[in-house]
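One chain comes next, on its own, written as structure tokens: the form predicted on its own.
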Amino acid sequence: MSADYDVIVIGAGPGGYVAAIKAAQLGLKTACVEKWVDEQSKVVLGGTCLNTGCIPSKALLDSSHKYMETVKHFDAHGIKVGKVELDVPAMIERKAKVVKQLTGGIGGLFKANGVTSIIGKGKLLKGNKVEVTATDGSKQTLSATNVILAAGSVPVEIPPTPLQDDVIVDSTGALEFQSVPKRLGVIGAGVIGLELGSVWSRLGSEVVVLEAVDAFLPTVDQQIAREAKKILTKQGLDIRLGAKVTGSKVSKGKAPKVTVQYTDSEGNKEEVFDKLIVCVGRKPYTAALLADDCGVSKDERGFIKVDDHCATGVPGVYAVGDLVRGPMLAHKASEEGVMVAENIAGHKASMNYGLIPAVIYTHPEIASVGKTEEQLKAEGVEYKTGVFPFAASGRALAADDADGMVKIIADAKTDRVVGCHIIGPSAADLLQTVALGMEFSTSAEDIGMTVFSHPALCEAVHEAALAVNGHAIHIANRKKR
């Protein structure tokens, strides 16, 4: 008896919807199961990324940056404005329109590629069967030759700060504030905490970020991290490291506040906020995803165990994205989805996990790919670095956006670029030029010999590559020992 589908994908986030589209493009009969519905009971595609994560947060980051530019920086360009008024509900509404346009676009792509969209909560059963529970509670069981698990992740909650109405919220709730909190607390100085803290700080909140770890951005190259902390602090973020939250209490009344207790090197402390955002990470969303006898295993942290090609060990069953090891990044999930679909179709596909870019969309942006100095030191690898500040970039100065630097790290013996770390304007886009070169084993000399347009921000990449070997033109080169 033949299966209902060649491929069933559970989850329509960046990993799931991309896997479904790719599988259908490769001629496989494909269905995608998604439980998220709107108030009209219509399926909502795109997962956390498009609906409550990457896209809406970037919409608010851009809106808040435009507001800050208008209030604080237009004068430097000779632009005089009158009284600037802030309409937070309109800002939130614009964010919602952006989300709706993109999620609706996925539905169009499903139709164009022949992907069947199924509304309901998917559960993997034994024998590559998928039980789908509809919104009305009814169930149906479908069979597939291959199943791709792409259910994503959810925010981690911590006992000292249970979510409460709209006073203590997670990252999703922080995207829906209808007014600017006078005092805002953020627990966690990671990607999400810094981005959301930046949004509301730009709009006028007094923002205090409490981070339990003593180091700031410990996984980021520390030269870049130090620069980031200096810039973000100057912008108004009060970043307190080694601050371990121990409890919270929400007051009663029409305008409730939250008192947060924490400890640091000086002892017990507390702060009072109008709102509190909890951003301490995310965890795989596997609730009711796996039947006990389906054969798929999880590790001690709740991630589904897979190999380098995202196979679970159960024939025909794969898992991608936030459900599995590696960084929780939308682009990582999407590329895993493509890889799995291609392998199911009989192609030999793989993925370079050593070159997954990471970006923090503060302003300036913080972007990195490859190894940090700290990692290379720990591995005993000899390396050399080249750094170029945006303060020496004509294009950055002309734009009044000259904070930060480009840093390129190369192997000391081969000159092959092994890492690139940028804090500065358009860092995410600039980084990708280096990431592309690294995929093909570029050397610092190769980048240095390439002609870059002028005047452009990318010249900072060119100069950093030249600086690796002491050949920079527009800054003084460090003397080689």
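This one's a predicted model, so the numbers in the text were calculated from it and none came from an experiment. Counting begins at 1, following the sequence as shown.
Not on display, but discussed next: the form predicted in complex with a small molecule.
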query: The single option of Ala228, Ala243, Val220, Met405 touching the small molecule in the predicted complex, heavy atom within 4.5 Å; finding: Ala243
query: Among the candidates Pro256, Gly190, Gly295, Gly107, the residue which, in the predicted complex, approaches the small molecule to within 4.5 Å (heavy atoms); finding: Gly190
query: Proximity of Leu210 to the small molecule in the predicted complex, heavy atoms at 4.5 Å; finding: yes
query: Proximity of Ile79 to the small molecule in the predicted complex, heavy atoms at 4.5 Å; finding: no
query: Distance check, Cys279 to the small molecule in the predicted complex, heavy atom within 4.5 Å; finding: yes
query: The small molecule contact in the predicted complex: Leu355, any heavy atom under 4.5 Å; finding: no
query: The small molecule in the predicted complex: contacting segment from 391-399, 98-106, 362-370, 182-190, heavy atom within 4.5 Å; finding: 182-190
